[in-house]
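Only one chain comes next, encoded as C-alpha cells, the form predicted alone.
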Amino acid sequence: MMNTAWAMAWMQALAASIEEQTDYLTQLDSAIGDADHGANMRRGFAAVLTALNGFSAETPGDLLIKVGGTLISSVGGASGPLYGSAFRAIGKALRQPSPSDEQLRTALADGLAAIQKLGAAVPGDKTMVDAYAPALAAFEEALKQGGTAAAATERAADAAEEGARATASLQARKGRASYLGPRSVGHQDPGATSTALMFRALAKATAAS
C-alpha cells in the first residue's frame, strides 16, 4: 500500500543509496561539471532525513512536499531546485492517504513537468530528463499492460538506469557540461545517474509496501 510509510521508505532508501554512491556521483561530475553533485546530494538527503525525523504527515504527499522544500533550501547548484521542485510536484499530486497506481503515474508525470519547466531540458540534452522521461514511459506502459505498481516501478527503474547509461554517448546541451561541447561525449551524466537512483529507491519501497 502506498501511504506515508511507503513515502518514508522511499526517501530512506534514496538517502542510503545517495550516501553509498556519493563518490561515484562526484567522479561523474568531476569529468563534466563542478565535481559537487555527490556532495550536494548527500548533504540534501541528510537534511531530508533530519527534517522527516518526527515530522507528522497525513498523506505521502505531505511528506514529499516537505522533502522538496528541504532540498530547495539545503542543496546548492541546479540539483536542489530541480529535485526540490520535482518532489514538491509529486507530493502535491499525492494528497490522498493511499494513492492509487494511476495517481502515482500522474504524480511522476507532474514531477517530470516540474523539472522541465525549471530546467527547460528535453530528452537528448544529457540531463536528468534522459533518465526520468524513459522511466515515466516505462511506468506508464507497464500500467497499461495491467502491471502492478511494484512491477511498473521496477520497469521504470530499469529504464532510468538504461537512460542514464545512454547519456554517455550524448553531447551536453544544457548546464555546465554544455561548455565542453564535443568533449562532453563519453561521460555519463551525474544528474541522470542520481535520477536512476531515485527510481531504484522508488521500486524498492514500492515492492516492500
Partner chain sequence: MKKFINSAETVIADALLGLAAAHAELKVDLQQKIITRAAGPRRGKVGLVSGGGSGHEPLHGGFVGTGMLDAAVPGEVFTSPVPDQIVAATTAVNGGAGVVYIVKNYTGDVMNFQIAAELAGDEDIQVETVLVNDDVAVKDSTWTAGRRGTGATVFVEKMAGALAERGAPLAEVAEVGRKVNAASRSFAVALTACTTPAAGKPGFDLPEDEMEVGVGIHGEPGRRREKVRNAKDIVATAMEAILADLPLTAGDSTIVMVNGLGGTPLIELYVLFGEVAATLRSKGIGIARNLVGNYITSLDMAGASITVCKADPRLIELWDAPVNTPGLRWGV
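Note that the structure is a prediction, hence the values are computed from the model and not measured. Numbering follows the first chain given and starts at 1.
Although it is not shown, the form predicted in complex with its partner chain is what the next lines describe.
Its partner chain is absent from this chain, but in the predicted bound form, do A57, P60 and A152 each have a non-hydrogen atom within 4.5 Å of it?
Result no, not one residue of the spot touches its partner chain.
In the predicted bound form, which of the listed residues (I65, A166, A51, A39) lies with a heavy atom within 4.5 Å of its partner chain?
Going through each option in turn, the one that passes is A39.
Considering its partner chain in the predicted bound form, which of A137, L118, V122, A109 comes within 4.5 Å of it through any heavy atom?
Going through each option in turn, the one that passes is L118.
Even though its partner chain is not shown here, does A46 get within 4.5 Å of it in the predicted bound form, heavy atoms only?
Looking in the predicted bound form, residue contacts with its partner chain do not include A46, since no heavy atom lies within 4.5 Å.
Do G76 and its partner chain share at least one heavy atom pair within 4.5 Å in the predicted bound form?
Yes - in the predicted bound form, heavy atoms of G76 and its partner chain come within 4.5 Å of each other.
With a cut-off of 4.5 Å between heavy atoms, is A113 one of the residues that contacts its partner chain in the predicted bound form?
Looking in the predicted bound form, residue contacts with its partner chain do not include A113, since no heavy atom lies within 4.5 Å.
Within a 4.5 Å heavy atom cut-off, is L82 in contact with its partner chain in the predicted bound form?
Judged by the heavy-atom cut-off of 4.5 Å, L82 is in contact with its partner chain in the predicted bound form.
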